[in-house]
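The chain below stands alone and is given as structure tokens, in the form predicted alone.
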């Protein structure tokens, strides 16, 4: 036991520089949101049931669950008349462990009334450029032997165009063959955000559980992800406010989860009821741990958190 403690203590000592960087980053983020007239909020970590999504499994806490995201409760605040809100909180997902994943991680999430996903992309770029400047990277950053330019306009590319550019099959074919995620991981993501940060947008509706459909192209949703150095940093979208369509998507997700014998969640009726009071809005979730990875130039998430699960 003593040897294990000594190893852990050495690991913690070696993290001092990165943990100081992490603290400075969070302070910078919080300062910029307050400067942009956002209200910082807190919502419960332990909830009756998360939003039903097919590919995300929550961690049980008694008869309830630990949140996978503060999304549904922050949106209820939107519905109650809070137009610009942000939160930095712990989130939890079962079965997620690897160089880029932890079962407990830190999320920055924010919502803005009157925005769509394009305005949110622009705001995300503006805030992150200011934060990078605070961190000493106004022009560029080095990430895994790559120079990533930050001070030019960030790239935007649709999912369909990314498939046409980087994959051997189209986005439509990938969905029909149930290979969308596989092609994304193997062919698309390694080519995103290489020379400058990249917004990948207009996801298939099937892969945007809570995002609004694009009225001009109803087969896609107004969803985007931000990549820096092939690393997914953030996921945002125009909010779906049609309660009937949202319930249908949840029901489909619950059916898919039942086939996999995953935990069955209750329908979030209070959230669904609140949708009628949400104005046109957009929201985004950004992984703090992964942003620290970029700033610290490490490809292992273990390096940027105080304690990993194996150290507890």
Partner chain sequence: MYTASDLRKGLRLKMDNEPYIIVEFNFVKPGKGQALYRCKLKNMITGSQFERSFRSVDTFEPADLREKKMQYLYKEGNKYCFMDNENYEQIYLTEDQVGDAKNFLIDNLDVEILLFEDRPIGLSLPNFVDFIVTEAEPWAKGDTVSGTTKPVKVQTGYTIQVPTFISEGEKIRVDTRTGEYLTRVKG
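Numbering follows the first chain given and starts at 1. For clarity, every value in this text was computed on a predicted model and none was experimentally measured.
Same protein, other form: the form predicted in complex with its partner chain, not shown, and the subject of what follows.
Partner-contacting position among 161, 242, 186, 176 - heavy atom within 4.5 Å of its partner chain in the model of the complex:
The residue from 161, 242, 186, 176 that makes the contact is 186.
252, 35, 276, 260 - the one with a heavy atom within 4.5 Å of its partner chain in the model of the complex
After the contact test, the surviving option is 260.
Thinking of its partner chain in the model of the complex, which stretch from 163-171, 225-233, 132-140, 192-200 has heavy atoms inside 4.5 Å of it?
Selected range: 225-233.
Is there any non-hydrogen atom of residue 151 lying within 4.5 Å of its partner chain in the model of the complex?
No, residue 151 is distant from the partner.
Is residue 55 close enough to touch its partner chain in the model of the complex, meaning at least one heavy atom pair within 4.5 Å?
Yes, residue 55 is a contact residue.
Report yes if any heavy atom of residue 182 sits within 4.5 Å of a heavy atom of its partner chain in the model of the complex; otherwise report no.
Within the cut-off, so yes.
Close approach of residue 71 to its partner chain in the model of the complex, 4.5 Å, heavy atom:
Result yes; residue 71 sits at the interface with its partner chain in the model of the complex.
Stretch 201-221: residues contacting its partner chain in the model of the complex, 4.5 Å heavy atom cut-off
Only a single residue, 207, comes within 4.5 Å of the partner.
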